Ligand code: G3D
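Given next, in structure tokens, is a single chain: the form predicted on its own.
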């Protein structure tokens, strides 16, 4: 009997403090949500297996703290990533603006092979997104990012669970396509 081959995908979750990175990860992995906020200190890690187009992949999710004093620690985990989920809070416009710095860091630390990425507007239970995918893509182009493909944007709510699994499946699928 042959063992099923598992493709491991390193994915980083990045964004400002309190945008819901940890809540998204916990909703995916343990299907739970807590209103009690505890900031991630450094990095947290979890895994989730998916079957994507008859291929088993293990998504290794590195949940990176959003506080500025952890940025130097974060660099170590941003290197050699297959995928990056850039998370912002749809009710906090400045959290979206700060994504350009996160994307810049990811590109600088992965010059040889840029990871695939996905921009996720979280907390849609609080407010409808004000920007659509075309506006978000246009923003990154105007900011001077040399992107290999248009920015894929999704919206989710860690609180209700809406679209959370789809977000992680989408990044896994994009990364599998890139590394296959």
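Positions refer to the first chain, counted from 1. What you see is a predicted model; the values in this text were computed from it and never measured.
Omitted from view is the form predicted together with this ligand, to which the following refers.
- This chain is drawn without this ligand; in the predicted complex, the residue among 58, 135, 125, 44 with a heavy atom within 4.5 Å of it is 125.
- For residue 22, a non-hydrogen atom is located within 4.5 Å of this ligand in the predicted complex, even though that partner is not displayed.
- At the 4.5 Å threshold, heavy atoms of residue 9 stay clear of this ligand in the predicted complex, well away from it.
- Contact annotation: residue 159 falls within 4.5 Å of this ligand in the predicted complex, judged by heavy atom distances.
- Proximity of residue 18 to this ligand in the predicted complex falls within the 4.5 Å heavy atom cutoff.
- This chain is displayed without this ligand, yet in the predicted complex the stretch 151-159 from 151-159, 107-115, 138-146, 49-57 comes within 4.5 Å of it by heavy atoms.
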